[in-house]
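Take a look at this one chain, the form predicted on its own, written out in structure tokens.
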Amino acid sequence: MAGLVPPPPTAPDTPKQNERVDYLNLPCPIPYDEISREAYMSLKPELFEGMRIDFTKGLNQKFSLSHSVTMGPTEIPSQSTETIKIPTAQYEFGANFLDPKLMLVGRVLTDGRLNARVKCDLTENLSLKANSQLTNEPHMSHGMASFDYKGKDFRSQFQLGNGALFGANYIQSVTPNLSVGGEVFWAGQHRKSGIGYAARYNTDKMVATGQVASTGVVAMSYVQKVSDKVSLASDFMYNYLSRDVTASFGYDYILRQCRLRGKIDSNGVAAAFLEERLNMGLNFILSAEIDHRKKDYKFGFGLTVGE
């Protein structure tokens, strides 16, 4: 008889109320100058032409040395429509010191250039970044330093460089998914100033950004995460002073042993970049770029040894 007793009536389903947003505990946004980093990774891989070999040797847990050899053509400025290239070869020696609170990176090249980068965490929220380049060419050496402050739901940065260059930016989370910010700069040597605004909206599956500046640049980007291994990206850039417009579409495909990135833009340029892991600490690199309008074709291959 117990099986014949009908079950008790259940209460009707009630719609789930939206969770309230705690605006006092919003996440910290990414740095202002990295607002489009997902699109940058897919659409602007480190393309090269010729041959490249990079070797890194770790001396201990914090200190390592690196050697890099590149051989390939270099473009030189020309007034004609044809691209003029000359063969070049270059060796680069580097030293790296990596610590949880301090990073020192130095590079010296056979053409006389010296590059240095420093990142130091002064406190838990304040960090110092500096980079410089010294060269034999007159008026080509430069240096820049920035102070970054990371707040609970905001980030701010102050920059200063040679040539009386000053800049500052600020980005603030206004919802769990949306952050907005702005920047200003003053280049005293060239007597130029500017102001810009940016917004970023991100979820687990997509990232959309937009930027506008008084220099005439309007930029937008969108990245869609199809799966854990596949991402599609697009960007649009318009300069309302020069009337230049560029749009590009790209992909980022991560396999078990390799990573493939590629793009094509409205100027007729198609590019692909492949990183293949051959063994532990050994990677093979392929780079290709075709400019149909200029009839310029670039191909490169290389090896990366060491971690």
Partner chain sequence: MSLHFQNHKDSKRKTLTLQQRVTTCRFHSHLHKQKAKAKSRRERERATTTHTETHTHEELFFSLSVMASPARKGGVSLPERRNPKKDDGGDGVIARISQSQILARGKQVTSDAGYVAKKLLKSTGKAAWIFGTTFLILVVPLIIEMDREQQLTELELQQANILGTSAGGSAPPAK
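Positions refer to the first chain, counted from 1. Treat the numbers as computed from the prediction; the structure is a model and nothing was measured.
Just so it is clear, the following notes concern the form predicted in complex with its partner chain, a form of the same protein that is not shown.
*Asks:* Counting any heavy atom within 4.5 Å as contact, can you tell me which stretch out of 50 to 58, 267 to 275, 240 to 248, 35 to 43 lines its partner chain in the predicted bound form?
*Replies:* Of the options given, it is 267 to 275.
*Asks:* From the list Leu260, Ile30, Leu282, Val69, which entry has a heavy atom within 4.5 Å of its partner chain in the predicted bound form?
*Replies:* By the 4.5 Å criterion, the partner-contacting residue is Leu260.
*Asks:* Of the residues Arg113, Arg117, His142, Lys229, which one places a heavy atom within 4.5 Å of its partner chain in the predicted bound form?
*Replies:* Looking at Arg113, Arg117, His142, Lys229 one by one, just Lys229 meets the 4.5 Å heavy-atom criterion.
*Asks:* Establish, in the predicted bound form, whether Phe154, Lys192 and Ile195 all lie within 4.5 Å of its partner chain, using non-hydrogen atoms for the distance.
*Replies:* Contact check failed for every one of Phe154, Lys192 and Ile195.
*Asks:* Any of the heavy atoms of Tyr253 lying within 4.5 Å of its partner chain in the predicted bound form?
*Replies:* Because a heavy atom of Tyr253 falls inside 4.5 Å of its partner chain in the predicted bound form, the answer is yes.
*Asks:* Is His292 part of the interface with its partner chain in the predicted bound form - any heavy atom within 4.5 Å?
*Replies:* Yes, contact at 4.5 Å.
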